[in-house]
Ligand code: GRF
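Coming up is one lone chain in C-alpha cells, specifically the form predicted on its own.
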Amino acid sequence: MFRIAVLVSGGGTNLQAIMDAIEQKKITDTEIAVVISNNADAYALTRAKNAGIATKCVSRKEIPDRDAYDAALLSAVDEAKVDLVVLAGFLVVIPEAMIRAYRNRIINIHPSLIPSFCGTGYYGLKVHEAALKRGVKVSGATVHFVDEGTDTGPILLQKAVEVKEDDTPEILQRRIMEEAEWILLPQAIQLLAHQSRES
C-alpha cells in the first residue's frame, strides 16, 4: 500500500478530491496515512477526522521558533512513514531538511500554468487576480515536485483552463479548482503510486 501525507492549511477541497478519488478507485492501492495542518481551525482536519484519517496539527503559534517548528513538521511526516508528501494548499515554506529527506517525493498543486504567476507572493486569490490583471486568455493548474525554490521544481502535470471575459478572481479560482486542480492532483498521486511499484 502506497502511503501519503497530505499537508493543508484551509478548507481542504483538494484533500476532498483525493479522498473521493481513492473511494472511486481513481487512485488505487493508496491510503492517506495522515493529514497535517499548520492551522488547528482548518476545515480540512474536520474532513479527515470524519473520514477516519489520522490528523496532526503543527502550529507556529505553539512552536514560534522556526528551527524547532521545521523539526516538528519533519518529525510529524517521518512518524507517518509515508512514500509521498502532498501539499494541498499548505501555506508554510517547506524546510530544506524535509526537501532533502523527501527529494522527489513532495508534490505541490499550484493554481496557474507555471512558469506564469508563481513564486513568492503568488498564492490563493492573488494568483487569479494577477492573471486577470494581465489579461491572459488561458490559466490552469500545475502539479510539480517541490525543491528548494518557490514553485521551481520539475513539472509533473499541467491542465489549461479558459479565462472568460466576465471572470472575477473568485469565479476563476473555482473554475480552475473544478476543471484542473481536483483532476490533476489525484492523477499525479496515481501516477507516482504506480510508478514506484514498477521501478
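All residue numbers refer to positions in the sequence shown, first residue = 1. Note that the structure is predicted; figures quoted are calculated from it, not measured.
As for the form predicted together with this ligand, it is not shown, yet the points below apply to it.
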**Message:** Under a 4.5 Å heavy atom criterion, is residue 177 part of the interface with this ligand in the predicted bound form?
**Reply:** yes
**Prompt:** Closest heavy atom of residue 88 to this ligand in the predicted bound form, within 4.5 Å or not?
**Reply:** yes
**Request:** Using a 4.5 Å heavy atom cut-off, state whether residue 13 contacts this ligand in the predicted bound form.
**Result:** yes
**Asked** Could you tell me if residue 106 has a non-hydrogen atom within 4.5 Å of this ligand in the predicted bound form?
**Response** no
**Request:** Sequence order please: the residues of 109-127 with a heavy atom within 4.5 Å of this ligand in the predicted bound form.
**Result:** 109, 110, 111
